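Quick setup: one chain, the form predicted on its own, written in structure tokens, and binding and motion questions come after.
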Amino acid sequence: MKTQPDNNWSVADSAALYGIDQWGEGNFSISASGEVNITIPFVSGEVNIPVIDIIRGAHDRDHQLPLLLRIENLLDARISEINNTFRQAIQKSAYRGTYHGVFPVKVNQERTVIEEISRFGADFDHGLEAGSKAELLLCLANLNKTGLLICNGKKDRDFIDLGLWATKLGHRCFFVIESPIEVPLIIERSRKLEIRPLIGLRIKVSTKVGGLWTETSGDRSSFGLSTPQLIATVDTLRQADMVDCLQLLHCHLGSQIPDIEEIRAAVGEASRFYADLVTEKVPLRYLDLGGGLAVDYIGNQSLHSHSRNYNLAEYCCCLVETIKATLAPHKVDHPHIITESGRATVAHTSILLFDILNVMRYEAITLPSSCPHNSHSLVSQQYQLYKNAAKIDLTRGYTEALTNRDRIREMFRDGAIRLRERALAENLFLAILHTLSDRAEQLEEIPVALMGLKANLADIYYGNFSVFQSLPDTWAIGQMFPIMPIQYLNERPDRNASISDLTCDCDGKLDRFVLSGGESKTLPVHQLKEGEDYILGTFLMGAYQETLGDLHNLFGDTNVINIRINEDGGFDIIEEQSGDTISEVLNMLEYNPTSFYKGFRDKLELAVKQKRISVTERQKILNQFSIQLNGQTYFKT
């Protein structure tokens, strides 16, 4: 439904409020009619597709909300941008090595994502990284002919044999040694199978980086070789006549690193390791700097753990120029550069879309025109405070209202105040707080006592999704994702809310939001309208969220569609996946749905014999049970 523009509010105001032009990086925009668009550049010009049109297309195919939307164009664009920006930095610096991108599949193992990375990435020789046997099998089935295959993580005999056979098949498969105990096993298996491996060594650098993941470096890192272990491993390989296999040095700088100067310091230290190993006649050719390229979830280019103070071009130039400058005094050939950018490759490609089911408001319900006769003196005091709330001192008024409320609650517990009096007092308290909060918002500086008042009075909007299934990092590590309405953005948002999910868990909520390049405990939203859907989108959530989710309260996977936007202004649904049914979720937990159904049917039959229900009622209940067993776990709206 199209809405008439609000003369006192524009889509530019919404864009500024939600920061879409900053964190969206040109991938998303707002139309003149107030709808969020996906924006894709083509040679003939930009194409803008309203997200709501894609939702309608999904509905027509019987895919209801919540819905995970993947946009293949954005995935392709990130692969192209990362590779081309590195190539430009290499050319600009007259660097003599090449760049090789590698995607760590742990970041998003979904089949359609990996297949598209391999397909589109083939033109850039974009490779894959595996950290387990299952991931290695996944990589072997999907890796393009020219991409590198990097094997990180713990390795047993089967893992090593698979990698050696990959080498035999012509893949450039590198075993990155994380621990000294892997060395004799790699030597033994390569001799047994008569296959010369490609080997890399993972080092521990002492440079610490900021952000949420700082433990990947330093002496206590779980992965990588200490400096003494590094030298011992080189000597072991030399004694085994396998030093020629040692062609890669690996250093994982960190993840989501916000500060470019910390990246520069870590790259410089890794390059010094590389230079000295080469001078010791180790035939290194590749320097793998792992991950670290951050996504600016907030959009303010800061040192916040969910932001970054650099762009992609500055990141690429930093790596290229630092390696070149560090190696120059040692007259060492420039290595081929590898990065394993996962988050920055897939974050933008996925959007979670969910509808709001209902709302809880923290405001007075009804208030009498005068204080009821024979009210307790404390209730009468609260009523008088309510009448004077528009003119009393803000801090004093808030303190007095809070004191009255707490005393009234205590007296209720002691039996001195009746339930209806307490209900009136609670209503009065909310009315007072709303008046004081509105007044405080007009001041240049809000009194300290009232700073959290707006958040405490905000609505709770109940969303049709599960935090633990779809956005687990918001709960586990406090990850922030941009969240905003996808419609009505030509209207002023007149409410503030936190978001609660469907789970019976107080942690199933979203209460940290990206606004105007900063952080807020509440999200500006619109009043719900009778008979109209209100849909929120969670953006930049393509990294980790899709495979980390659990089955809290048995909410399973949502519906998923993959789309490709076309130059003619349309879009194709490339792939569609229905969300988990209740039967499928129960089966994951080792329940047998057939036995489950039979057990309930037997229970109904017993109820018929006991004359609790009729045969007709039995059949109605059984049919409803069967329908729900084969239905999806989320609400239908």
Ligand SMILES: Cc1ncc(COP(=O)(O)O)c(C=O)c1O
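The numbering used is simple: start at 1 and walk along the sequence shown. The structure presented is a predicted model; accordingly, all values stated were derived computationally and were not measured.
Absent from the display: the form predicted in complex with this ligand. The rest refers to it.
- Exactly one of the stretches 524-532, 285-293, 120-128, 154-162 approaches this ligand in the model of the complex with heavy atoms within 4.5 Å, and it is 285-293.
- In the model of the complex, this ligand stays beyond 4.5 Å of every heavy atom belonging to G397.
- Within this chain, V107 lines the site of this ligand in the model of the complex, having a heavy atom no more than 4.5 Å away.
- At a distance threshold of 4.5 angstroms between non-hydrogen atoms, Y544 is in contact with this ligand in the model of the complex.
- This ligand in the model of the complex comes within 4.5 Å of no heavy atom belonging to S190.
- Exactly one listed residue, out of S255, T474, N73, T435, brings a non-hydrogen atom to within 4.5 Å of this ligand in the model of the complex: S255.
- Distance criterion of 4.5 Å from any heavy atom to this ligand in the model of the complex singles out G342 from the list P493, G537, G342, G200.
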